[in-house]
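Next up is one chain by itself, shown in structure tokens, the form predicted on its own.
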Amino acid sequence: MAKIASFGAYVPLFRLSREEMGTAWGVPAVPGERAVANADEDSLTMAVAAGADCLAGIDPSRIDGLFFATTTAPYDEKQCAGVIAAALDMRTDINTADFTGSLRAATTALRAAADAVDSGSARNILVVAADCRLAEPESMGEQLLGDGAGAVLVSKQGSATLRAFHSIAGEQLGVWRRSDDRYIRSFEAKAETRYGYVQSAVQAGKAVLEQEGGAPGDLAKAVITAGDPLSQGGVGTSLGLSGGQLQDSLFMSVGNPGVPLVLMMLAGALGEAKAGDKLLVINNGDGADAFVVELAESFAPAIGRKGLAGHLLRRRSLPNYTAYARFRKLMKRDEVDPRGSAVTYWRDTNIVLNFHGGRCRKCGAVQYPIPRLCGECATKDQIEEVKLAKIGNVYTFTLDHLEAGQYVNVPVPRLVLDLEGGGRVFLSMTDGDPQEVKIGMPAEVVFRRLHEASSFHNYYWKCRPVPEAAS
């Protein structure tokens, strides 16, 4: 049977207090805070981050497929899974697919991956999910949402077995967003919760428990997605579960990220689970999916994998609601339209997306971008393509007050990094304080959105400081 070989998550660095959001609009605020994607992040870049977290210590060339689940893809007509696979430096002869249209798209993708592995058509499939949803400003929904991503590696071999899948198809208007809507919509929260959420979640959960033939008390944890803790508790009570069996819904620390919530919660549960533990997973959205995960052994720590717990520890508070509004472009501003070339972007995929450099066969110098002529020994056409490490130290830097042709008061750090294993790269910094940049500072390379030029998204690599504890 299909198994989970690894898991990962990603939570953006920035958080916004719900109290700050309420103060900005003069409306009541619910407790806690929500995670906010940076201005250069979207569902695709967060999926890359979660996928990289899941594949820590795993050779990406072993992966036979990548399934991407989201309701906020940067393209309506262009597959995003292929871009994610390229950024994760996977093979090109793999199966890629996008799953969308429902908040349970992640478990739909997970079940498809499990079926593919069970049938023998694939050995390892990476399932990644991410969302960056918007609710109407001033609404309670704006406070309740959050941004994030999760990932699991479905494989023939692994520490946890997937089984007893059961789905419920349900049609209730619930939460929706049309193709020309910017914000999600809903019709009546109580009716949506009672008739759309609770009924389908309980029905799917009971069917799985009956199929397994075990008692609710046999479960170590129940991963039940919900828009709020009260609704999650209602489903748990109906299934005979205690409050201690319910996995943290991330309501207080992240908010409701939508599609990736189930994989983020599952990553949190798997990070703490031990051998023999059995987990019930229920995911809701236009019906419900449910299944069981049973651990034969606990997951060993992987070097480089932060997991959900690691990402939750790394946080920075946004100073005010205005910063959030600027990140999400809620305020219309005149912007410089940069130039872009789809031909160049495609031609340099190995440099731009795969993040490959060149090593001179004669002197061994590693260089980026890949040159024809070695910059060290001047040997021509003796450069072999190599993967570059995504961590290094600052060799030198500058603080640039010009960004997209405009003067900015807060300078943008431009860093020259010496990468581990060789290679020197020049990248912009993100997720960091310009005043804290210094020579020798450790930094990691991250995949981000640069701009939207010539009507397509231009993705590239930036760098961000590595916390002292992690370095």
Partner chain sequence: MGSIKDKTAIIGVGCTKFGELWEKDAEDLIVEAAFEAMEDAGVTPEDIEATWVGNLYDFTGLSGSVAAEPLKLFGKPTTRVENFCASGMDAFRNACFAVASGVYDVVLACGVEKLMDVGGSGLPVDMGHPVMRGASAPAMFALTATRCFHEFGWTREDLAHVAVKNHKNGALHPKAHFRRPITLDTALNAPMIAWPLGRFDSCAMSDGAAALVITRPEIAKQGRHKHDYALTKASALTMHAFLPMYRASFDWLGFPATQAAATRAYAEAGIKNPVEEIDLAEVHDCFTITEILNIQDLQFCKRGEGAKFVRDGHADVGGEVAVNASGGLKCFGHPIGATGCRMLCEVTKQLQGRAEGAQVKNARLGLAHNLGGPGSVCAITILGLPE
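Please read all numbers here as calculations on a predicted model, not as lab measurements. Positions refer to the first chain, counted from 1.
The discussion below concerns the form predicted together with its partner chain, not included here.
Residue contact with its partner chain in the predicted bound form: W25 places no heavy atom within 4.5 Å of it. Residue contact with its partner chain in the predicted bound form: V425 places a heavy atom within 4.5 Å of it. When contacts are judged by a 4.5 Å heavy atom cut-off, S17 does not count as touching its partner chain in the predicted bound form. L450 belongs to the set of residues with a heavy atom inside 4.5 Å of its partner chain in the predicted bound form. Proximity to its partner chain in the predicted bound form, taken as heavy atoms within 4.5 Å, picks out 374 to 382 from the listed stretches 374 to 382, 156 to 164, 261 to 269, 287 to 295. In summary, among the residues F251, F99, Y324, F397, the only one with a non-hydrogen atom within 4.5 Å of its partner chain in the predicted bound form is F397.
R339 is the sole member of R361, K329, R182, R339 with a non-hydrogen atom lying within 4.5 angstroms of its partner chain in the predicted bound form. Relative to its partner chain in the predicted bound form, residues T344, D348 and V416 are all within 4.5 Å by at least one heavy atom.
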